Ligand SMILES: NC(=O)c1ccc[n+]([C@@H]2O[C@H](COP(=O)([O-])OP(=O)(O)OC[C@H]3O[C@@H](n4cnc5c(N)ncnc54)[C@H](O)[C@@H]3O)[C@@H](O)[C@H]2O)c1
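The chain below stands alone and is given in structure tokens; this is the form predicted on its own.
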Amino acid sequence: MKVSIFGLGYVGSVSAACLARDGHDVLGVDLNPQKLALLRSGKAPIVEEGIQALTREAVESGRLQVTDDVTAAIGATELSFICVGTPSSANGSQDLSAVVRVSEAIGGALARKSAFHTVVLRSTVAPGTALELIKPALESASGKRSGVDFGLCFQPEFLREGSSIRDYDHPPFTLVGGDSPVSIEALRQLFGHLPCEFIATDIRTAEALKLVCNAFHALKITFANEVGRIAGALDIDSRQIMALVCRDTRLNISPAYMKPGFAFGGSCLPKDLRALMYLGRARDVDTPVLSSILPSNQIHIESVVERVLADKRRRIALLGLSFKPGTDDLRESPLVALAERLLGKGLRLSIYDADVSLSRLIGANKQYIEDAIPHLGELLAESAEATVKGADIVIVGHPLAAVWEAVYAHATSEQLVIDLAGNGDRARMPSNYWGVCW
């Protein structure tokens, strides 16, 4: 394919060299004369393992050329990557001025081109940037329509400095968000040979993914470092601890616990998190990430309380009370915390949980619920159906088929259904619906 790349910094230079190596004709576009001079002489403008040899070979083969002429680049190619910088502004937002300038220039060039052209944004941007900023800029300057006269895509890159060529050749997946099947197929032709899954999605999801991935990487590093500080204060080998943590690919390094939903609870997670933070405090080790987990969890519960209170109606059905289905363990259940908050606001609460019976509660479990909801017996309903029928707002806390069947059968269009479980079939619910985290 004939490809133009706008912005010959880190991502642009690596992409240009690798695409040329793979047999494509690449035209690099940049306004910096020093970068252009370096590339014309076969030298990459960045320091990276293997990039100099790869760039030299690409230039000598004639498959990589450079220019500062936007119109010529668009006219000579069928697909363009935007790889300019989006640095942080003082308030934390992204400076998108370079992206907008390039988009306007590309749009002006598209106005002079009759053939369909695909524009692919690779610069890391916030969700909505492509459709709310780049698309209008392209359409205004070109007088053409995105998705009809030209295609617009976003493709996040996962290149780490120091290993970018290896990362280019072995990505976790290739993700493309686009508004045109023709453009998505063009990117499949470019990257479909890579040893990974090719995934097509919407543009906003693709934009969000890169930010979320990098935030997760930062979180992992900080978590490991906080564990390291506590372990060091306890004279424990932190590297051995984290190596063992990573050996667990069923719960730790896995999709487990990675699905957005309601707050966590139970007899283990809150207790052990507090214990780990105490060990740090007792040894003057500050752990701000660990210390923010429980407050964040509580905010999640409060968001549901606020949604209920905003409805102004008083009769609430809560389907599920224990911290997870299949157990009667109520200790530190987020559903108990939710019930306690709703009762404290004076709402009328009816609760159904097939696994919870006052007569069976014993020990610490019984003491916990007596402290949290001393009149629980008066609130427990005999069936999910009766609970649903008598409520203005139905809160589904457990992902149980029997509970959902009661909701599907008896919820009305006047009721609000709040889904904390995350597995309800929206198409089967005639009532209003709100998913707590989706």
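Predicted model only: the values in this text are computed from it and were never measured. Residue positions are given as counts along the sequence shown, with the first one as 1.
If you look for the form predicted together with the ligand, you will not find it shown, but the lines that follow are about it.
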Contacting member of Asp237, Asp169, Glu306, Glu161, with respect to the ligand in the model of the complex [4.5 Å, heavy atom]: Glu161
Only one of Glu340, Glu157, Glu139, Asp149 gets a heavy atom within 4.5 Å of the ligand in the model of the complex. Which one? Glu157
Contact segment among 246 to 254, 181 to 189, 262 to 270, 98 to 106, judged by heavy atoms lying within 4.5 Å of the ligand in the model of the complex: 98 to 106
Against the ligand in the model of the complex, would Ser61 count as a contact residue? Criterion: heavy atoms within 4.5 Å. no
Using a 4.5 Å heavy atom cut-off, state whether Val29 contacts the ligand in the model of the complex. yes
Looking at the partner-bound form in the model of the complex, is Asn297 within 4.5 Å of the ligand by any heavy atom? no
Please check if His398 has a heavy atom lying within 4.5 Å of any heavy atom of the ligand in the model of the complex. no
Partner contacts for 225 to 255, taking the ligand in the model of the complex and a 4.5 Å heavy atom cut-off: none
